[in-house]
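Okay, so here's just one chain, in structure tokens, the form predicted on its own.
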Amino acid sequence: MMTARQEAFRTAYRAQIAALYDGIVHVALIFLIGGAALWYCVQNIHAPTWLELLVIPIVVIFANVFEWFLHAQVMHRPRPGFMGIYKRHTLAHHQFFTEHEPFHDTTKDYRIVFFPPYAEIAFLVMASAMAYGVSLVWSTNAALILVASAAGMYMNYEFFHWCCHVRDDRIIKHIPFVNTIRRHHIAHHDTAIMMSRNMNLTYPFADWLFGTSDVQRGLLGTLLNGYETRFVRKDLPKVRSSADVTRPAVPAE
């Protein structure tokens, strides 16, 4: 179902990927960095109290809302100082993957599926800065749990995003949360709703909270919706205005 425009964009985008780029190395770096941060933190946490362990759900919720905000307000909006993010996501990622053909073909395509490793480093630096403040006013355990949870959520994000764009879903369709976010994210690639619906990429909690999910269900139903389409809103737009986003004919980096 790929359109001629999407096929042309994919061809042009792939042509500009560096010959030395290796998708497997890209992914390995992401999980090596995140895994190392997680391992270091866990190794240095000693006898945490139940109150310190509450940092985990707090970070999970905060990270979920943060990913929603970043996606909705930066990745899909041309903000001064963040145009590189907007171009890479709205003008490139959303042309490479559409509702017609949302799947990657080879590991070379990981260039447009996963964030660059430096994005993960920046995220962990921000988490570490917050953790330093937590260590000053609370405890080292709480600070380490914060960074470990942030690293886990980042890797969760990247893994779920890969699950959304991999072609074979024979296993994925049976995994709770993963099947939900797969349908949720592929629907987001519909140009009619991509600027306003389904901004979460881990769990659609913030989309439910802020009313931006494309399904009308309670929290549990939204999180465990899977591939179900009965609850998709009937008032969603079908055709986007060309004024919403300019689609270039060549890849935007």
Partner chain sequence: MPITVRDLKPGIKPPPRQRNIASLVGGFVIAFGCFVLWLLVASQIVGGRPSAAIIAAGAAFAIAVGVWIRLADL
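Numbering follows the first chain given and starts at 1. Model, not experiment: these values are computed from the prediction.
Another form exists, predicted in complex with its partner chain; not displayed. Remarks below refer to it.
Highlighted residues 26, 117 and 121: every one comes within 4.5 Å of its partner chain in the model of the complex, counting any heavy atom.
Among residues of the shown chain, residue 111 is one whose heavy atoms approach its partner chain to within 4.5 Å in the model of the complex. In the model of the complex, residue 215 stays away from its partner chain, with no heavy atom inside 4.5 Å. In the model of the complex, residue 232 stays away from its partner chain, with no heavy atom inside 4.5 Å. Within 4.5 Å of some heavy atom of its partner chain in the model of the complex lies at least one heavy atom of residue 44.
Here the chain stands by itself, but in the model of the complex one stretch of 202-210, 32-40, 217-225, 48-56, 32-40, has heavy atoms within 4.5 Å of its partner chain. The partner is absent here, but in the model of the complex a heavy atom of 88, alone among 88, 71, 183, 104, sits within 4.5 Å of its partner chain. Contacts between stretch 1-28 and its partner chain, counted in the model of the complex as any heavy atom lying within 4.5 Å, involve 5, 8, 9, 12, 13, 15, 16, 17, 18, 19, 20, 21, 22, 25, 26, listed in sequence order.
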